[in-house]
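Just one chain follows, in the form predicted on its own, and it is written as C-alpha cells.
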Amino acid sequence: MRAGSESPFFFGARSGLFGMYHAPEGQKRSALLMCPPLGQDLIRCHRLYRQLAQAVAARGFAVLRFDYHGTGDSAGDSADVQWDRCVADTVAAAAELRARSGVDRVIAFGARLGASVALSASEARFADVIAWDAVLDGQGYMASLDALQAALREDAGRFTRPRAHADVAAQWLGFAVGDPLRRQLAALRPEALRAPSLAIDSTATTPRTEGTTRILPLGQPTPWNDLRRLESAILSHPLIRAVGDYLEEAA
C-alpha cells in the first residue's frame, strides 16, 4: 500500500465493522488505534480524527480509524450500541491493525467515551493509551446528556415549538439510545479503567503528573456540552501536535 494512502474496508464478525487504514510514511514505528466517541461527539470529532490520523501517519505510524457496531458506517443501529460490544469491537480492531501493519506495538487514542472504551479494553493489549477528556463517571455523563436533550427539546432557536417528550424519548441529541447502554454506562467507574499514560484534559490549566499519568492541558475547555455549538465540528491543532509529539517521544 502506498505510504500516506487511506484504505477503507470492512472487518470483524460477518464483516460488520468499518475501518479506515492509514498507511505510514517511512518506516513503521508503531501503530495507533483511534477509538471514537459515541453519538454527537462522534460526528463533531470526525474531521479531527481524520486530521490526526493523517498527521500521525506522516510521522511514520500506522493508523486505524474504525466504527463500533451500531455507529458510523458499521452494521447496526444506534439503539443497538452496547458498552461491552464497543469494547469487544475495539479488541477486534486492535487485532486487525496488527495484522495489516505488521506492527505488534499498538497505542490507543480516544476522546470522551472513546477514551473510556480504550481504557477498558484490556484484551486489546495496548502498549499505551492517550485519553482526551475521558468519561470516568458514567452517571454524571448520562445526566449531562439528559440535560442537553431536555434543553434541546425546548430550544426556540431550532424549533418553532417545543418538541413532544414522546418524539425524543430514548434519544441523546438525535441518536437513539437503548436501556442496555444506559445501564452499562451507569456502572462505569474510574476504578474499572486502567490509567492512561497521557491524559489530555481540556479543563486543566497546568501540566502535572498523577501516578503514572501525565496530564496535559489544551489551553481552553472543549465545548462538549455547549448547546449553542452542538452542530459545530470540534477541531484542535494543539491536540494534534500534542499527540504526535508524544508518539514521537514514546517510539
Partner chain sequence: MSREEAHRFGRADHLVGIAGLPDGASGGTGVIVLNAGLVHRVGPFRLHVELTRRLNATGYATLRFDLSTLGDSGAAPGRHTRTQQVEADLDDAMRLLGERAGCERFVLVGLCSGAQNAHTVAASDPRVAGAVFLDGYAYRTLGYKLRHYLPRLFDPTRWMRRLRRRGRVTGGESVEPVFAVAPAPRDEVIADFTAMVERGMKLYLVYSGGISTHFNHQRQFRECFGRVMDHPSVTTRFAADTDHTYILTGDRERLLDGIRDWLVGNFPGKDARRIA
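Numbering follows the first chain given and starts at 1. These numbers come from a predicted model, not from an experiment.
Absent from the display: the form predicted together with the partner chain. The rest refers to it.
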query	finding
Asp84, Gly138 and Gly211 all contacting the partner chain in the predicted complex, non-hydrogen atom within 4.5 Å	no
Location of the partner chain contact in the predicted complex, chosen stretch of 124-132, 105-113, 170-178, 139-147 [non-hydrogen atom, 4.5 Å]	170-178
Of Arg59, Arg50, Lys28, Arg182, the one that lies within 4.5 Å of the partner chain in the predicted complex (heavy atoms)	Arg50
Proximity of His46 to the partner chain in the predicted complex, heavy atoms at 4.5 Å	yes
Proximity of Pro196 to the partner chain in the predicted complex, heavy atoms at 4.5 Å	no
The partner chain contact in the predicted complex: Gln40, any heavy atom under 4.5 Å	yes
Contact label in the predicted complex: Glu154 to the partner chain, heavy atom within 4.5 Å	no
Sequence-ordered list of residues in 53-85 near the partner chain in the predicted complex, where near means a heavy atom within 4.5 Å	Arg65, Gly70, Thr71, Gly72, Asp73, Ser74, Ala75, Gly76, Asp77, Ser78
